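Here you get one chain, nothing else, as structure tokens; it is the form predicted alone.
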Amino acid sequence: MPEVRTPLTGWHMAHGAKMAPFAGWLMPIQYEGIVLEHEHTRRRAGVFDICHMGEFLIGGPDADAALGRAVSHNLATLKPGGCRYGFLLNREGGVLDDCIVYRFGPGNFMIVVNAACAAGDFATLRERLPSSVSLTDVSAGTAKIDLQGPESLSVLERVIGQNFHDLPYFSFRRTSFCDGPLLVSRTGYTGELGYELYLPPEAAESLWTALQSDDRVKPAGLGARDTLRLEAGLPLYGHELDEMHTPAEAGFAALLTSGADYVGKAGAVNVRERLIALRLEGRRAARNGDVLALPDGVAVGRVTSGSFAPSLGCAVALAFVDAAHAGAEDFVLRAARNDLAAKRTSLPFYAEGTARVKLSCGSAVTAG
């Protein structure tokens, strides 16, 4: 089956991007190289084509209560102009998807979901929401570009011609670009100060090229996006999050603050396994599915994600481990060709990220 193309696919191919299928889409994996794109995003700013994500609009007088019963997000404390990360769960508390809910106003929301889960998410939400609540898939009419890195604020303000210093973390603002709508969200998936930009597909290439007209910006592919998110300790659906594990097992129990009786609430706090962080010596990386054992050889878990971490100069990994052994310090990773020694560490792996920095008018985070 042919892969779906984003509004920027032609640009990627014309500029020599290495393309590959991802979640049914043809996506750029890298341009100049994963490590170079990773390091540039950490120092300055990278721009990512994320048009494959799904976006749904939810509205109606009963939308607040109905959506609050469908997802784990605490909507009672979410104000207009704010957005919140959380989960769509199955009835046992396993994760069907992780998603961000945006509140436009009373009974008026947008929910952003993963590309691979979008069709299932839409069907699940339609089943859970009453007929009085509208659910509209606007993915085909929505492009998404992520500008990430410590210089992203300065770049964004130059291109859009507006002040975004007063936009707090996990909040958004509606504005315009090229006479069309633009939603600017201070969110991202890299651990750095950054913005997720939603706009009509026909304006995507204009914004993409405008951002890159700034010498501080380089395009970055999904390869760098993955190493950046792993260093920041952020989960990837299908790896750290899936239907067989609860949010609490993945380390997100603190996000389960909703007072609503949402689907999967009782099971969401159950813990059989725990997600732990591991640091390896050297550049040799573990891979998804590698067995994790204690030094005496007893298998206690498996790797979910692993990679060389360019910002740290060593390999890191995330792994689910039997809860009884999650407190151990030393492990052995049974990789494809040989065993690798691994030591338990804390998240995030890379602790110097600028994502949560507080900005004041007239000052911005700059590259160090």
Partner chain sequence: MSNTPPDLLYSKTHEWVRPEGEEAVIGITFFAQEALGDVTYVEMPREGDALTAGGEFGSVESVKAASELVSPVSGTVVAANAELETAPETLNSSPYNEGWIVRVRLSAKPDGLMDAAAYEAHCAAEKH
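Note that the coordinates shown come from a computational prediction; the quantities given were computed from them, not determined experimentally. Residue numbers count along the first chain shown, from 1.
Heads up, the form predicted in complex with the partner chain isn't pictured, but that's what we're talking about next.
Novice: Quick one: find which of 94-102, 71-79, 279-287, 170-178 has residues within 4.5 Å of the partner chain in the predicted complex by heavy atom distance.
Specialist: Every other range fails; the passing one is 279-287.
Novice: Heavy atom within 4.5 Å of the partner chain in the predicted complex: which of G251, G223, G233, G107?
Specialist: Answer to the contact question: G223.
Novice: Going by heavy atom distances of 4.5 angstroms or less, which of A299, V35, L312, A65 would be at the interface with the partner chain in the predicted complex?
Specialist: That would be V35.
Novice: Is the partner chain in the predicted complex close enough to K18, T227 and S307 that every residue in that trio has a heavy atom within 4.5 angstroms of it?
Specialist: Every residue of the spot touches the partner chain in the predicted complex.
Novice: Scan 320-341 and write down, in order along the chain, each residue with a heavy atom lying within 4.5 Å of the partner chain in the predicted complex.
Specialist: Contacting residues: R337, N338.
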